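Only one chain is given next, in structure tokens, and it is the form predicted on its own.
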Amino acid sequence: MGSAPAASTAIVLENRQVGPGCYRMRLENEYIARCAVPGQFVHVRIPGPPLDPLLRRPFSVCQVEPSHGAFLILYQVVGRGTRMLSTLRPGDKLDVLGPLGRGFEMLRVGGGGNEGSVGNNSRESEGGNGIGSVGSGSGTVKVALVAGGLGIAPLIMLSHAIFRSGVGFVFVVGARSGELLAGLDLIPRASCGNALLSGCPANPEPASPGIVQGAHLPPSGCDMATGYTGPCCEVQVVTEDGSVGRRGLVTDALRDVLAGGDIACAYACGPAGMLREVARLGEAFHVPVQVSLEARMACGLGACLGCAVKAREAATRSGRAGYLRVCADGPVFWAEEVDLDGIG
């Protein structure tokens, strides 16, 4: 787990539309910026009349800037609450609870010990499917990240942690069309593999990159970096209508990635149907899968049980509860822990 959650005020620094109904909000809150880990979320009270809207809204922490005391969320306007959120301007204040939830368990690079470890909440001690230590930081061992739509949000912060650890990754990003792609310019880039949309290698970013300001799509041109020996980072873009990148489903591209081998683990966030297929592909290719679930939440602390999902029978036989709380036991789970057929 990360640090204990705290209710506090976050100041809006930026709230910019980056696509049809899609917004990027940058918030100032030193505690969350310093303590949040990949996969955690914040629970936001929408400003308005007292108790209207009644419930807070959960948003994945997309990226953090500890040196500036700021963090980033991506959100889609889907109802009254998020529509009210989209009207906020720099200087406005939000009541925020966080960071909340359990994040991703990540590869440990190297031959033992904690050196080179990434992440904060290994579940090996709880009987989880711990990945353990792999490789030597050479970039030969990779992981796959799979995002559907705004499921990219928690995976962006994860990609930066993986990048800093010395493990390479293939980041497969999908959407219905190119205009619905968001957050691509926030992914760390290196001079290896496919660059973002452009087909040429992109410049490596610093080890602790800040928030990249700019359009939600990266520029079409990029320069070759020289002397780069860091992890191999590849981004593949898939759209259902073929308007950007490969035409098809994000899971079609993932199948090809897994078939190529050298993938030690897969991380996914997106629609329920996509998560079910990612889990199936992971099982078929013997690749462990972690999924970040989305759910409506009331308390965000595990008390109300409003976001409970059914555990898989195998997990209950190993001692897990019959139902798991997305807000407290997750939102990140191993695919074999959760009955993915029962969500969505």
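Note that residue numbering begins at 1 and tracks the sequence as displayed. Everything numeric here is computed off the predicted structure, so don't read it as measured data.
What comes next is about the form predicted in complex with a small molecule, which is not displayed.
- Residues placing heavy atoms within 4.5 Å of the small molecule in the predicted bound form fall in a single listed stretch, namely 67-75, out of 67-75, 176-184, 249-257, 232-240.
- Taking the partner from the other structure, the small molecule in the predicted bound form has no heavy atom within 4.5 Å of any heavy atom of E277.
- At a distance threshold of 4.5 angstroms between non-hydrogen atoms, A153 is in contact with the small molecule in the predicted bound form.
- Under a 4.5 angstroms non-hydrogen atom cutoff, the small molecule in the predicted bound form lacks R89 among its neighbouring residues.
- When the small molecule is considered in the predicted bound form, P288 lies well away from it, no heavy atom lying within 4.5 Å.
- Comment: the small molecule is not present in this chain, but in the predicted bound form one of A33, M297, A311, V37 has a heavy atom within 4.5 Å of it, namely M297.
- Remark: none of the three candidate residues (G148, R164 and Y267) comes within 4.5 Å of the small molecule in the predicted bound form, counting heavy atoms only.
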